[in-house]
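In the block that follows, a single chain appears as structure tokens, in the form predicted on its own.
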């Protein structure tokens, strides 16, 4: 849980004693490749810190195609946030791209932490703010960058994703066709 503790300490001042006091609320969980952390139509009862591995978040569009909206990487958080917060069925799925180790907390345990400790209220608020900024950045990239710029950004900011995720999933995430991604990759390699 050391990487999780360091993650939390990057958000708020947190003593080792405080971490140990609240650590029983967190559980470890392993997902095999292609296993689901969240599924469309099912209520998400957990949020997770990704200790090791890679997940992809996707929804199904009106053409019944999977559209990747996020790659969730090590030392970051993941959840079907709308489902987790509202305790309603999820509109997206979160699937392991490779074997993945998670540190999870249930919705009920998180609510207990919020009630017990202003520290956890602060952590929750800070995490929500960070997630909002990530979503806004992604929307800006989709709207304002060319396909090649999006791919170059991905190579720089998420090199592990480029090496582990399928070409279809990467193209979907970038909002481009597989053919366009292949052309961009060819241009870059010349």
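Values in this document were obtained by computation on a predicted structure and should not be read as measured data. Residue numbers count along the first chain shown, from 1.
There is also a form predicted together with a further copy of the same chain; it is not shown, and the following applies to it.
- Between the options 60, 152, 160, 139, the residue in contact with a further copy of the same chain in the model of the complex by a heavy atom within 4.5 angstroms is 139.
- With the partner omitted here, the residue from 52, 125, 27, 42 that has a non-hydrogen atom within 4.5 angstroms of a further copy of the same chain in the model of the complex is 125.
- Although the partner is absent here, residue 35 sits far enough away that none of its heavy atoms falls within 4.5 Å of a further copy of the same chain in the model of the complex.
- By the criterion of a heavy atom within 4.5 Å, residue 67 is counted among the residues contacting a further copy of the same chain in the model of the complex.
- Though the partner is left out of this view, residue 116 does not reach within 4.5 Å of a further copy of the same chain in the model of the complex, counting heavy atoms only.
- Proximity of residue 103 to a further copy of the same chain in the model of the complex: non-hydrogen atoms within 4.5 Å are absent; the residue sits far from the partner.
- Contacts with a further copy of the same chain in the model of the complex, taken as any heavy atom within 4.5 Å, map within 158 to 180 to 172, 175.
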